[in-house]
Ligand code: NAP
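Here's a solo chain for you in structure tokens, the form predicted alone.
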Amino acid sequence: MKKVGIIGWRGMVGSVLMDRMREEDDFQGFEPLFFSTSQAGQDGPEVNGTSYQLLDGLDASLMLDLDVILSCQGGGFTSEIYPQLRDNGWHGYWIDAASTLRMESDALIVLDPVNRNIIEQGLSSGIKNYIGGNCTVSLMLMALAGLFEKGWVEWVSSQTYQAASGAGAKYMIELIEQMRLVGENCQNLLDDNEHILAIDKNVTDTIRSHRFLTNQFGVPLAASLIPWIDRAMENGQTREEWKGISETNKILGREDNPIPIDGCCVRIGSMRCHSQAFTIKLNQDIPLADIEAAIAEQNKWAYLVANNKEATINELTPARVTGTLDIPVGRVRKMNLGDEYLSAFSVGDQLLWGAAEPVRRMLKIVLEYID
């Protein structure tokens, strides 16, 4: 029976992964082994009635007999352990949610509803590293894959509205703490039906106060936003924005003939789900009905939302999509810029299709291939 090592299963992405694997009854046909970098020797998760003792995630020698390693532990772990494994002759399959190896020549970025053919070619050619993509890139491709598949896309500008959970659990907690402080400080004004300008001033004074909690984000997110994610690149983009063009084209196998992708990535006060507003330059004037059909038919998770107020406010929100695999695509219309310009808006849970789900599905693909 094949051996699969799983590490990072207690973190945010790993917890979502474990939930999905249990929901889909994935723990069949292989022997799982669970690793921890801080709790080796302690009791690990219970799976199908069996409790697993945690192995030392920092001891690469314990992993040399594994057929597959699935990591949600983060980039630091990958940078430390992965080279040790390969240097010591490990030839197994490495599946990773972290970004460390994404752009390496011997790795593929996995999103099988979009690039299953490329994944299968990689397996046949001996590729052993399969890496989950950037959350906004994966969600964009799940939403618009039908247009890319048809060869209709000349370029895309994506304006993203990214949830606190994209930064990690500590950031989510800080956002909640910020919201709580805002609410507590203006509660008396709300109870006394004070004028809205007094309430507004109270909120502004609160988030500008030196006592406001900003250890993680550095600035207020509650009652505000942050138009910068990740580090700066030399061309003026942030690294999050740079991933749009680099990862999209690697997923699509178009590194030699890339489709231009750009935009502005913004952190907003949503807990989960990344939203994106797209401006898409098509390479020809395509009827709107054909565009809608291409989007809706490419995969079973993306679906069209009618471009009216009721459907939009009920379907195209993090409140509706959080915790689901749904990829609603709405506000689809031709733009005043010309008939070859398309506007669209989409929402997706970045902890699912943007993180855990692609690597979960890749594990199943690998196990089927090596069976």
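This structure is a prediction, so every number in the text was calculated from the model and none was measured. Just count from 1 along the sequence shown to find any residue number.
Keep in mind that the form predicted in complex with the named molecule is not shown, yet the notes after this line are about it.
Checked against the named molecule in the model of the complex, the candidates Q42, Q28, S38, N48 yield a single residue with a heavy atom inside 4.5 Å, and that residue is S38.
Interface residue among L85, A107, L123, A98 relative to the named molecule in the model of the complex, by the heavy atom within 4.5 Å criterion: A98.
Using a 4.5 Å cut-off to the named molecule in the model of the complex, not one of G183, P220 and G269 places a heavy atom inside that distance. Mapping the unseen interface onto this chain, M12 counts among the residues with a heavy atom inside 4.5 Å of the named molecule in the model of the complex. Of the heavy atoms in G244, none are within 4.5 Å of the named molecule in the model of the complex. The named molecule in the model of the complex is not approached by M362, whose heavy atoms all lie more than 4.5 angstroms from it. Put simply, G75 is close to the named molecule in the model of the complex: some heavy atom of it is within 4.5 Å. Only one segment in the set 249 to 257, 187 to 195, 161 to 169, 206 to 214 has any non-hydrogen atom within 4.5 angstroms of the named molecule in the model of the complex, and it is 161 to 169. Contact residues in stretch 336 to 361 (any heavy atom within 4.5 Å of the named molecule, taken in the model of the complex) are Q350, L351, G354, A355.
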